[in-house]
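Have a look below at one chain only, the form predicted on its own, in structure tokens format.
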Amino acid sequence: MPAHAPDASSASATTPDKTVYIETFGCQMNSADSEVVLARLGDAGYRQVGSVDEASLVLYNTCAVRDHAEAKIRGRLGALKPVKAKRPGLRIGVMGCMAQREKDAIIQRYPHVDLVVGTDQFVRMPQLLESLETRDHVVETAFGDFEGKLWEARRTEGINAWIPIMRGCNYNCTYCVVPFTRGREKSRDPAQIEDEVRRLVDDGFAQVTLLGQTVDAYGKTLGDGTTLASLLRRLHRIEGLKRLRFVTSHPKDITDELLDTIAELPKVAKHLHVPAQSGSDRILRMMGRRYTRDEYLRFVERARTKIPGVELLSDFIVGFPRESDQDFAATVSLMDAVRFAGSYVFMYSQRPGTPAENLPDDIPNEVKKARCNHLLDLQLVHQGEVYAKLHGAIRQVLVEGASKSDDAMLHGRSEGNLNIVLPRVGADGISRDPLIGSIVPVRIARSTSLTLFGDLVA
């Protein structure tokens, strides 16, 4: 039985003392938030466990971007009802974007849930748990002062650490719940971010990934001229830091200053995740994306001119209301024109409270699936062609650890974001595990559509 599945039949009538099981859905920002919650609960005496049956506190950190993600949460909460009946002392909490969006409605539908905690209130988790001693339920979803908080996180050992540097979004795309679930843009103080990165490097992390819903808009709310480019330059000076990444960017905020900074600083990954969402101007207008197809292509040209070899990653939504065959063909032609190093493709999911909810969800599900699969197949073709051209090339690879699919291999990421694997034991019979956390030159020998295979350059 998976760790997340509670077993009501075998659950003890007693509840373990101060143990927490947390399951995280959605984006890297949610993963970073969960790390903060674990740190706060650890300070309050909680110990993390691997299953519901071991826990006195069960937390679901939720995503609200698509209905499929919320449906998983509803299934989890429904399964916990008989568990709570057997263990009345069990505390159940819902946090994150779904909590922020639905608020009290979660308690009304699932009265066995104790806590509903929004996207800015989870840092108060220990205090909210204490308040349950005098209250039946707690619902806290007010937006807070993200900028002023130092949010210590409990990170597991590894190579990469995620650091939220801003929250929220001011773009109000018509399909998106982020402005409602994460609020308006808010940027953290750069000195605070630098202090956190320095501590992470001291703890052995080789790479830091800066997070934001529109991370390239970082600094706007600070009012002192701080930009993502200036933050990258500040962090680049930290001794021991080997690589810097950031996600996710909006095309409107990719400035020449940012592109020049990426090109100039060797520690900054030559990789940009900039969702296009569609290749049709008509659909882009309906989505409220604030750029045209030609403007996106001009961004691609600027990026590739200023940063030779930059790897571009995109997101696409298929089946948006009124998307015609011609609109979809325009998206296909955009992918053909750019040839992204990677793409995420999603079927449109109507979200409550968004402007697009007022549009008819009129594209049949089978058409959405066919368009989604077409783009995914096309992306694999493009990746295969890009990867084949790299045979014989040398890439600087940050070795991250053992490959999840083959324990005999190590895996890492290129200067951009290409997944590269190499033998864990060299021809001399010596283990290469000591290379984990180091950047090493790897010559590419072969590839599939998803992975590059190589070996150390002698």
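Not measured: the values here are computed from a predicted model. Residue positions are given as counts along the sequence shown, with the first one as 1.
Beyond the structure shown, there is the form predicted in complex with S-adenosyl-L-homocysteine, which is absent from this document and is the topic of what follows.
The candidate stretches are 332-340, 173-181, 126-134, 228-236, and the one lying within 4.5 Å of S-adenosyl-L-homocysteine in the predicted bound form by heavy atoms is 173-181. Out of the listed residues W162, F346, Y387, Y296, F346 is the one that sits within 4.5 Å of S-adenosyl-L-homocysteine in the predicted bound form by at least one heavy atom. Think of it this way: in the predicted bound form, S-adenosyl-L-homocysteine has a heavy atom of just one of M166, L272, I317, A99 within 4.5 Å, and the residue is I317. Contact with S-adenosyl-L-homocysteine in the predicted bound form, defined as a heavy atom within 4.5 Å, is made by all three of R66, T248 and R289. When S-adenosyl-L-homocysteine is considered in the predicted bound form, Q277 lines it closely, a heavy atom lying within 4.5 Å. Mapping the unseen interface onto this chain, R351 counts among the residues with a heavy atom inside 4.5 Å of S-adenosyl-L-homocysteine in the predicted bound form.
Contact annotation: S187 falls outside 4.5 Å of S-adenosyl-L-homocysteine in the predicted bound form, judged by heavy atom distances. Residues are counted as partner-facing when one of their heavy atoms sits within 4.5 Å of S-adenosyl-L-homocysteine in the predicted bound form; in 200-215 only Q213 qualifies.
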